[in-house]
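The chain below stands alone and is given in structure tokens; this is the form predicted alone.
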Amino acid sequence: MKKRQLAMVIDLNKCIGCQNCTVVCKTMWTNKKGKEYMYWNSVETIPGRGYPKNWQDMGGGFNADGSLKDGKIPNMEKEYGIPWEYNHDEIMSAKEFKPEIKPTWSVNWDEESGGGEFPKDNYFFNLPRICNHCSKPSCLAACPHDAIFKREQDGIVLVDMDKCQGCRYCIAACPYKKIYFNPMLSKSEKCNFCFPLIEKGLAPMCASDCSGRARFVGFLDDVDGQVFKLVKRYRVALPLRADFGVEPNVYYIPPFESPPKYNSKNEIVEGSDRIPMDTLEKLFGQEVFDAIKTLRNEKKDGKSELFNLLTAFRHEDMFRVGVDVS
């Protein structure tokens, strides 16, 4: 069977942080016991510490010599946060909220807190995250029981629940910390790219239910597809933290326009951007400079194929998951 790779492109200029993708994923895949704290899809705010907290500093992935890089397993209380229940009756009656568990962290804990100084140069943007279904998955390399595998027909990375022994080496090895441990089953679980839908020619729920039409799904060898054009032809879709060495297959259109900054006299600083380029460079590498230059130049062209693609006039055109290029 020919090896193919399904990929997703997320346009950060169109993500409005509505959390629709988070809700549909949670409802479909992680609403069972043991999964209360699992968010296979989450939308984080940049700047922010993310979920689990400070995941970018937890290690994992590969070293330059190809060896596995040491990583840590996030702590439930400090970095995931123990899930709690709201007492809705007390909240609706304006009484003080006193949960049995004191919240310490959770998904979207620092949502939209932003950076900079208002109104001079404050900023934030949204960063949706799922498993990257990497071409060189460190979770697969770290598993001693061959419980993680990558499908040849679409490159989706899955966990074989019959083989998983719950050793959690995969969690430590994943630099994105998008694998979770289910204490009820003593198994690791993760985003499966909605493969039952993919096999029917349908897009993953997080993509099809995206309110902003921010997600494109398709194969990287489909030269007529939007994903191929955005990733390989125009090179404006970039992987997140490529320096982790795992070759992720979720790509992002970086935010390329933001309001200008203001100086101490409340005057516009010409040619300035609120989103610091060093923030974007840390996330997407040096390629982000060329990508943003291309996006800005193409925007000036009223007949730009690139911007017609990004506009996504027809929703169904964004998902080419049943395409056979053989």
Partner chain sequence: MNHSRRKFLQISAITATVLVNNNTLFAQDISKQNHKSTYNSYKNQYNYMQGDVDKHGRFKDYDIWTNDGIVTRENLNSSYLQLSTDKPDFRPRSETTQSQHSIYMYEKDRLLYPLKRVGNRGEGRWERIDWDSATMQIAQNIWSLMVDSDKGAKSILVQVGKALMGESRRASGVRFANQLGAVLKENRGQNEEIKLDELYGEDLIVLWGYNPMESNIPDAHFIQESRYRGAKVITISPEYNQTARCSDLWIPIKKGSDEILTINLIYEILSSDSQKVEATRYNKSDLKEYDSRFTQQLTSISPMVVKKLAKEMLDSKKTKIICGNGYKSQQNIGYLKSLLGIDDKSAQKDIFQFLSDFDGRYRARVDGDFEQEMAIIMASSIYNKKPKEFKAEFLDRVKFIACIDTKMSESAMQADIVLPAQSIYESWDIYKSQNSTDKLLYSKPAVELKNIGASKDEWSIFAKIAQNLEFIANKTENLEFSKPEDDTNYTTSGFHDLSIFYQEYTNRDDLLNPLGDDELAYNLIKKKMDSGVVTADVQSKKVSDMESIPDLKQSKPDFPYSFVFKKSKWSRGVNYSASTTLLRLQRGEPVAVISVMAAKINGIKDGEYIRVFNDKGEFKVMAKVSSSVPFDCVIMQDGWENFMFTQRAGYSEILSQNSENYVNIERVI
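Predicted, not measured: the structure shown is a model, and the values here were computed from it. Positions refer to the first chain, counted from 1.
Just so it is clear, the following notes concern the form predicted together with its partner chain, a form of the same protein that is not shown.
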Can we say Pro74, Phe181 and Val288 each have a non-hydrogen atom within 4.5 Å of its partner chain in the predicted bound form?
no
Which residue, Ile130, Val217, Leu238, Val107, has a heavy atom that falls within 4.5 Å of its partner chain in the predicted bound form?
Val107
Met161 within 4.5 Å of its partner chain in the predicted bound form, heavy atoms
yes
Hey, in the predicted bound form, does Tyr39 get a heavy atom within 4.5 angstroms of its partner chain?
yes
Applying a 4.5 Å heavy atom distance criterion, does Tyr169 contact its partner chain in the predicted bound form?
yes
I'd like to check something about Asn126: if you look in the predicted bound form, is any of its heavy atoms closer than or equal to 4.5 Å to a heavy atom of its partner chain?
yes
Looking in the predicted bound form, the residues of 197-220 with a heavy atom no more than 4.5 Å from its partner chain, listed in order, are Leu197, Glu199, Lys200, Met205, Ser208, Asp209, Cys210, Ser211, Gly212, Arg213
